[in-house]
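One chain is shown next in structure tokens, namely the form predicted on its own.
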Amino acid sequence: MSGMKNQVNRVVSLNRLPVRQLRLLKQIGRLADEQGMSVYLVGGVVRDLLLKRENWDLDLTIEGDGIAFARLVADRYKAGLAVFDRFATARLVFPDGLKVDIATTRRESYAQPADLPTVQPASIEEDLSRRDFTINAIAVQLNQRQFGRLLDPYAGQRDLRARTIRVLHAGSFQDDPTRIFRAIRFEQRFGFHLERTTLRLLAQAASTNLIQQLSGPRLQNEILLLLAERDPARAISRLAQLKLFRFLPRSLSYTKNVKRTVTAVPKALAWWARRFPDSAIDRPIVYLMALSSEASQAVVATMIRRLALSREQAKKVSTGRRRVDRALKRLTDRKIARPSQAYRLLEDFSNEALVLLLAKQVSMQQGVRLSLLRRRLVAYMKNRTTKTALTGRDLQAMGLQPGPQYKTILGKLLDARIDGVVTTEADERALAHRLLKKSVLVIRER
């Protein structure tokens, strides 16, 4: 691994930052001078500045008491403050919504592999040495006289130029197995390659059960971050190559059909965004659904527990393979003529499940059926907010006694609305009277 001899003290321009952020960093640098502290910009924002990529997440670190300094900044700028004592870190939220993380420069030690670290104050050089990869172990000083001074003790700039992902020490993946997922994520995001020793260390760590020791929330965070990438298909293939799906659980497999569905998700998402720009989609959840689209309900349930998904996430991911396949088969069948039939097939589907339906059809490369499915999805989204003019109280006023028939009759009224059979409240009342009369006759016959 690289050594301290690669320290570089050149100055880097921060002018690519938005004016608001740049002005704040200069003000924070002057405040640090007043307190006799050194303050640095660190993390992904420095890496992305050097790569000329946009990333305005501001992470700062202080040689001194980072939390005390964060309180000073919060008081001066009327920012909200959340403190995480265990990690000597604070998060500030400024009145305009800007977020800044401020931490104490620190060293970390791990009692056991995959445990959360124990932290102690340390120098900026030691702080950089604890980071995951050389490209993320670069800092920019913000104090007024040294503003823009670049600290690069592990030759991160060299690796940026060489498009290389390199760990800082041989025990990196054992200390924190989440770095396995981050290495894959950065490799695919930037089109970089894993340095030979780093790849060997990663493969060794992946072949063990270290990842199994991660808590559900920590594993979930890394998996969903990876799936949130612009096009995570290659990263997903890398996970499969390294046999990492066995942790989600063991019986989850990356079959050819699953791969085709995953590869089709970007096209489905792009169509959805164009057609329904105001309908939110949880993109990582769509990919998670695609990954488990051939799995049994038992396997999906195990995956939900392992990743500690929220109730809302779990509900979306639990849309079963049978329901999806059945809906897809019927929605691409020309025999379904009435819009209400399509509506009833889809009424419990989340937006994410609708995108998955589309991705599965895209993967089949059947243009005619795809066009039919798209038309029916557009019709469904239009009908999704359709409501009947009449309510249960209206039915009660018309003489219907409370009971399960309310739901049946209101459902038939809604179907008639969707199909254009009724268009006014008067039409609904006329149909309701006919349905009520019919239901009374049925009850009498019984």
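Everything numeric in this text was worked out from a predicted model, so none of it was measured. Heads up: residue numbers just count along the shown sequence, starting at 1.
The protein also exists as the form predicted in complex with a small molecule; that form is not presented, and the subsequent description refers to it.
Heavy atoms, 4.5 Å, the small molecule in the predicted complex: which of 123-131, 362-370, 295-303, 153-161 makes the cut? Say which one.
-> Residues of 123-131 come within 4.5 Å of the partner.
*asked:* Suppose contact means a heavy atom within 4.5 Å; in the predicted complex, does that hold for all of N136, T178 and R185 with the small molecule?
replied: All of them do, each having a heavy atom within 4.5 Å of the partner.
Quick one: from R234, K315, R189, K99, grab the residue that has a heavy atom within 4.5 Å of the small molecule in the predicted complex. Going through each option in turn, the one that passes is R189.
Item to complete: Could you check which residue among N55, Q27, Q35, T386 gets a heavy atom within 4.5 Å of the small molecule in the predicted complex?
Response: Among N55, Q27, Q35, T386, a heavy atom within 4.5 Å of the small molecule in the predicted complex occurs only for N55.
#### Entry: Proximity of G411 to the small molecule in the predicted complex, heavy atoms at 4.5 Å
Result no; G411 lies far from the small molecule in the predicted complex.
*Is G392 close enough to the small molecule in the predicted complex to count, meaning some heavy atom within 4.5 Å?*
Judged by the heavy-atom cut-off of 4.5 Å, G392 is well away from the small molecule in the predicted complex.
Is R47 close enough to the small molecule in the predicted complex to count, meaning some heavy atom within 4.5 Å? Result yes; R47 sits at the interface with the small molecule in the predicted complex.
Decide whether D59 counts as a contact residue for the small molecule in the predicted complex under a heavy atom distance cut-off of 4.5 Å. Yes.
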